[in-house]
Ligand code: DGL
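Heads up, the chain below is alone and in the form predicted on its own; it's given as structure tokens.
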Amino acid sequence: MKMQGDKNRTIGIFDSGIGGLTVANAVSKILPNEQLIYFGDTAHLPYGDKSKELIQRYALRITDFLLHEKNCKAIVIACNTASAAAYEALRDKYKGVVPVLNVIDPMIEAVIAEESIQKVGIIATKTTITSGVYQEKFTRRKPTLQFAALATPLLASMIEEGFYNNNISRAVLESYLENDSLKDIDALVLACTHYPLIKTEINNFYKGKVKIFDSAEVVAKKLKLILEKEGLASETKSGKDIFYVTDYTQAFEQTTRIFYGTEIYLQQSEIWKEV
């Protein structure tokens, strides 16, 4: 049974922190008529050091809040770790209720659809690379595709501190991208929601000769297709976007400008006190 309501209901987007705001920003640009509710579980970040079972519990509680208390018509898991750990549980529980998207599968689909790509590089946090989720999916979906996965642990914290598009970020980035494993790649997957903020720098490094797959843009385009296919696309924006965090600090609010591009107001959610 689908949830009651019309296509002007909101879209729920959640992440362990505020990196997923890059996805929310891309969605707001590609789907300007949609009202968004963003949920950053900052009380429990990072998800990377949590068990799969615990991440699933967090994801199910957040999704329940977005669906039943905020009446969302679609859910986007804007976090690679939560996508790997909790997507199947959410998909199975809410099948036939609302579309649930993760940030991994749309990226896999976008890459394998490009016949010209022979070798793809994957850069992400240590947790995502160690999980092997991208490697396993590429191997299963397109066995002929070569890939190289490289953990780039300094990038996310560097971006959160505002160090990008400067000499410091270029030096760090070049030290990673010059890694031998990434030689001769045709495409690069930015498998962390922080990385769209350094997409221009990465493109400059490769002089535009390597196709860059940006998770925020790819996921937003996939969401647009799904909403249109299911008749859920809104024709007019019904209200202002809302941004929740589970542990508010002024530092988080200041950092949101980096990820979202404009100043936003964070509200503290009390969902963990309700459990």
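Heads up, when I say rigid core I mean the largest set of C-alphas that superpose within 1.5 Å between the two forms. What you are looking at is a predicted structure, and each value in this text was computed from that prediction instead of being measured. Note that residue numbering begins at 1 and tracks the sequence as displayed.
From this point on, the text means the form predicted together with the named molecule, which you will not see here.
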| Stretch in contact, per heavy atom within 4.5 angstroms of the named molecule in the predicted bound form, of 137-145, 109-117, 162-170, 75-83 | 75-83
| Does the trio 12, 34 and 232 actually contact the named molecule in the predicted bound form, every residue with a heavy atom within 4.5 Å? | no
| task | Taking 4.5 Å between heavy atoms as the contact cutoff, choose which of 58, 47, 213, 243 touches the named molecule in the predicted bound form. | result | 47
| remark: As a check of understanding, the residue in 90, 197, 192, 188 with any heavy atom within 4.5 Å of the named molecule in the predicted bound form should be identified as 192
| field | Proximity of residue 25 to the named molecule in the predicted bound form, heavy atoms at 4.5 Å | value | no
| residue 102 within 4.5 Å of the named molecule in the predicted bound form, heavy atoms | no
| Interface membership of residue 256, the named molecule in the predicted bound form, 4.5 Å heavy atom rule | no
| said: Would you classify residue 125 as touching the named molecule in the predicted bound form, given a 4.5 Å non-hydrogen atom cut-off? | reply: yes
| If you line up the core, does residue 152 shift 2 angstroms or more at its C-alpha between this form and the one not shown? | yes
